[in-house]
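In the block that follows, a single chain appears as structure tokens, in the form predicted on its own.
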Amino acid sequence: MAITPMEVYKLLPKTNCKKCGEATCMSFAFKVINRERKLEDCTPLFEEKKYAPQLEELKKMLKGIEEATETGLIVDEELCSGCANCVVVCPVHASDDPYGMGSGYGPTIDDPILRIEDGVVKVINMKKCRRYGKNRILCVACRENCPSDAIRFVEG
């Protein structure tokens, strides 16, 4: 499941005070999701006690974003069952390693995007992901085939 700007916005003060430098709380929410702004930039959220419950919920929600890769990929290893569906369905793996991961076997290349280690998926080489770089494609093959929702993307 993705974290969306609307989810962040719902927990912000929604006063459009502009203390963060943004015109609206919604634009601030988008920038928080895209990691262009930090939650601390919303000073009313930290200074006014009435927002304390929302602040705690936002901190919990955004914790995963801090761990996201350059592509917005978040892997929750606690949820991963190690099924390797994400590794096998990756179109980059199928093209770069057709007789290994592309055929449902272990990797035969040294630098896959994802690999199963100790029973959980690990990000090895994110630069090969179709979502990486300026010509990126918003591929979600790994997330769509994860039965335990261990793979998410930040979507701003």
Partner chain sequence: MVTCAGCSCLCTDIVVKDKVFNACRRGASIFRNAENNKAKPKVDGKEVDFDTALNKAIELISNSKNLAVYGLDTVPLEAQELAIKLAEKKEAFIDDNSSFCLGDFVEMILKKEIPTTTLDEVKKNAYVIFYWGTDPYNSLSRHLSLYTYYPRAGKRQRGYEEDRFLVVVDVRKSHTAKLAKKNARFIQVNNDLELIDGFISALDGKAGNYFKDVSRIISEMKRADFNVIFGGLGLKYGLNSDYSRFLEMVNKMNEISNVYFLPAGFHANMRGFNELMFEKTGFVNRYSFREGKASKDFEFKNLILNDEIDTALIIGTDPLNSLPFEVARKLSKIKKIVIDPKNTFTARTADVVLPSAITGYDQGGTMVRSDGVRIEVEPLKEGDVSDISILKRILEGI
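Small disclaimer: the values here were computed from a predicted structure and weren't measured. Residue numbers count along the first chain shown, from 1.
Same protein, other form: the form predicted in complex with the partner chain, not shown, and the subject of what follows.
With the partner chain left out of view, which of Q54, S27, S103, N125 would have a heavy atom within 4.5 Å of it in the predicted bound form? The option sitting close enough to the partner is S103.
Can all three of E7, I33 and L73 be found with a heavy atom no more than 4.5 Å from the partner chain in the predicted bound form? Result no, not one residue of the spot touches the partner chain.
I need the one stretch from 33 to 41, 86 to 94, 125 to 133, 54 to 62 whose residues put non-hydrogen atoms within 4.5 angstroms of the partner chain in the predicted bound form. So the stretch in question is 86 to 94.
Test of understanding: in the predicted bound form, would P147 fall inside 4.5 Å of the partner chain by heavy atoms? Heavy-atom contact with the partner chain at 4.5 Å: present for P147.
Would C17 show up as a contact with the partner chain in the predicted bound form if we use heavy atoms at 4.5 Å? Heavy-atom contact with the partner chain at 4.5 Å: absent for C17.
Heavy atoms within 4.5 Å of the partner chain in the predicted bound form: does I116 have any? Contact check for I116: yes, within 4.5 Å of the partner chain in the predicted bound form.
Contact test in the predicted bound form: V120 vs the partner chain, heavy atoms, 4.5 Å: So V120 counts as contacting the partner chain.
Are there residues in 31 to 46 with a heavy atom within 4.5 Å of the partner chain in the predicted bound form, and which are they, in order? Result: empty, none.
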